[in-house]
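Shown here is one chain on its own, the form predicted alone, set out as structure tokens.
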């Protein structure tokens, strides 16, 4: 985060709260999310910010509350500030990520245990599920992975945004979000049948059918791209 010019405080009826950013106290409106409060305090967020709507998982945050020894984890774009909140931003969660070739694996428990043996240490404490901003049953898909129920693990982890908050809270040090990604890759590779229209389109791309059109788009200015996008023809999916 870079420190920008502080905003001038204006008088209004919105209650103010005191929060701590980078160890310094700031007064911000109580109605703001953590992310907006950081910007209100004069900081320019250069990392750890994406969609600002809870879908990208880039704004992982840990914080403490005044008089509370516990450490909390949340997404900064979803969580409202509280008086006495002490904030720490997390540009990323440094959980170990295995390297593998999905073409050399099979959708079973052996693949999971080989690359993520930590799943066998799961304590079933459910801390990962409780902290998940998407309300995913994280512990369940970890258990499904351990049991070799790859389809269930893939389905249960489908909405994961890779924010990593589950790994922060895990006493068994399991990188749950990486486990879910492997389950989805295995399921997509071996259990799902590729749609015919997808295979057809991929072949067209490989054969260079769209090369000329892509080259034309790459040469357009931003304004021309916006104009082309807004004036594009919509395909009636029911008739297609």
Partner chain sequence: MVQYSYFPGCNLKTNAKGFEKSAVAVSKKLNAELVEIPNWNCCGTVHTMTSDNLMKRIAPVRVLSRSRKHIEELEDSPNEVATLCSMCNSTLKIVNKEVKVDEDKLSKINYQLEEDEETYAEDMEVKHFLEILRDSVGYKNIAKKVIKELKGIKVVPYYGCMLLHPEEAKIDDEEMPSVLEYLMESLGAEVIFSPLFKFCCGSYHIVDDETIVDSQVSKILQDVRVKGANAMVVACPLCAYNLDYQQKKLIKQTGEKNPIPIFYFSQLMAIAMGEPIEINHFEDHQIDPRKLLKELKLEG
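Numbering follows the first chain given and starts at 1. No experiment lies behind these values; they were computed from the predicted model shown.
The form predicted in complex with its partner chain exists for this protein as well; it is not shown, and the discussion that follows is about that form.
Using heavy atoms and a 4.5 Å limit, would one call residue 125 a contact residue for its partner chain in the model of the complex? Residue 125 belongs to the contact set for its partner chain.
Contact label in the model of the complex: residue 171 to its partner chain, heavy atom within 4.5 Å: The answer is yes: residue 171 has a heavy atom within 4.5 Å of its partner chain.
Spell out, yes or no, whether the shortest heavy atom distance between residue 139 and its partner chain in the model of the complex is within 4.5 Å. Output for residue 139 is yes: heavy atoms within 4.5 Å of its partner chain.
Against its partner chain in the model of the complex, would residue 78 count as a contact residue? Criterion: heavy atoms within 4.5 Å. Contact with its partner chain, no.
Partner absent here, but in the model of the complex, which of 45-53, 181-189, 62-70, 25-33 has residues with a heavy atom within 4.5 Å of its partner chain? Only one stretch passes the 4.5 Å heavy-atom test: 62-70.
Can you pick out, from 74, 90, 161, 146, the residue that has a heavy atom within 4.5 Å of its partner chain in the model of the complex? Checking each option against its partner chain in the model of the complex, the one that comes within 4.5 Å is 146.
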